[in-house]
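Shown here is one chain on its own, the form predicted alone, set out as C-alpha cells.
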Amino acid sequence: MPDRYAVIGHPIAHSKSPLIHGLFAQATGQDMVYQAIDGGAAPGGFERALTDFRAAGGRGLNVTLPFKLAALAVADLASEDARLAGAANALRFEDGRIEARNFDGIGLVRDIEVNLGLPLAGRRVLLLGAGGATRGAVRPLARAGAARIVIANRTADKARTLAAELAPHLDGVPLVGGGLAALATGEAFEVVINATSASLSGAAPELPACAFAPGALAYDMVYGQGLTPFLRLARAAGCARLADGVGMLVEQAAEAFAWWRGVRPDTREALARLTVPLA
C-alpha cells in the first residue's frame, strides 16, 4: 500500500502541492500518494483533520495558511528554524511522535542561490514586512552568509522588535529593523525581498528607488501573479533582475520531500510547469 502524505490548509483547492509532490514521486520512483485536506474555518478543525489523517496511516503533512502556528503547537519535536519562525510548514509522524520543520526560508535561499544563480554571501539583504514570512527567512539568509539584513515595515516598532528577537540567533550577522521611511536615507541592497502580501491586493510597498543597488535582485514571495506591483516598482527603479516566489514554493516542497523520503528530487520539471512569465 502506498505511503500517504498531504497538504492541509483553508482554503486549499488552489494548492499546487499535490502536483509538485506527484512529479517528485514519479521522478524518484517513490510509492506514495499525496492529497489536499481542507482543515476548515471552525476552531479545532486542523487538530481533528490531523488526528484523522494519522489514524488512517498518514506519514507526513505539508502545512499552509492558516495552520502553520497550530502545526508547531502540536509538535513533540521542532527544529530551531521552526521555533524561531514561530511556525511549521511540514510535519512528520514517526515512532508515535510529531516532528515539525519550517522549510520556507531554506527554499527561498536555495531558489536564489541555485535557481537564480546569486550567491548570498556578502550581500546586503532588505526584507519588506515583519510577519511570519520574514521570521522564517531571516535565519536561513544569515546562514547563507548575508553581510547585513534589514527588516523594514510600515510599523517601525514591529520591525525593531522582531530584529531584536532574532538577532541573537544569527551568529553575528548584523540585523536591524525599522520603518519604510528610513529607507530614504540612501542605503542600497543587493537583494530586496517582498515578504508582505501587498501584491495580492494590488498594492506596492512605499519603497524608494535608492533601496535597489545596481544589479540588485528584486524578489516577491507571491507567485503566479506575473509582474506584481512590487516587481513593477523595482523595474521602474532600474532593477533588471526580477523573480517571484514560485521557486521558493517548489524548493521548500523538495526539502520536505527529502525529509520524508530520504531522497531529494530534481526540481526543474516542477519549476517549468508552474513558472508564469513576469509580464
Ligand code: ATR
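The first residue of the sequence shown is number 1, and the count goes up from there. From a predicted model like this one, the values you see are computed outputs, not experimental measurements.
Keep in mind that the form predicted together with the ligand is missing from the display, and what follows is about it.
Chemist: Contact between G132 and the ligand in the predicted bound form at 4.5 Å, heavy atoms?
Modeler: Contact with the ligand, yes.
Chemist: Contact between P140 and the ligand in the predicted bound form at 4.5 Å, heavy atoms?
Modeler: Outside the cut-off, so no.
Chemist: Contact between A147 and the ligand in the predicted bound form at 4.5 Å, heavy atoms?
Modeler: Close contact is absent here: in the predicted bound form, A147 is far from the ligand, nothing within 4.5 Å, heavy atoms only.
Chemist: Is S197 part of the interface with the ligand in the predicted bound form - any heavy atom within 4.5 Å?
Modeler: S197: contacts the ligand in the predicted bound form.
Chemist: Within 4.5 Å of the ligand in the predicted bound form, heavy atoms considered, which of R124, R154, R92, R83?
Modeler: Contact with the ligand in the predicted bound form is made by R154 alone.
Chemist: Looking at A164, L77, A203, A181, which is the one with a non-hydrogen atom within 4.5 Å of the ligand in the predicted bound form?
Modeler: Of the listed residues, the single hit is A203.
Chemist: Within 4.5 angstroms, counting heavy atoms, which one of the listed stretches 111 to 119, 132 to 140, 95 to 103, 170 to 178 is next to the ligand in the predicted bound form?
Modeler: One stretch meets the cut-off, namely 132 to 140.
Chemist: Could you pull out the residues of 157 to 176 that have any heavy atom within 4.5 Å of the ligand in the predicted bound form?
Modeler: Contacting residue: only K158.
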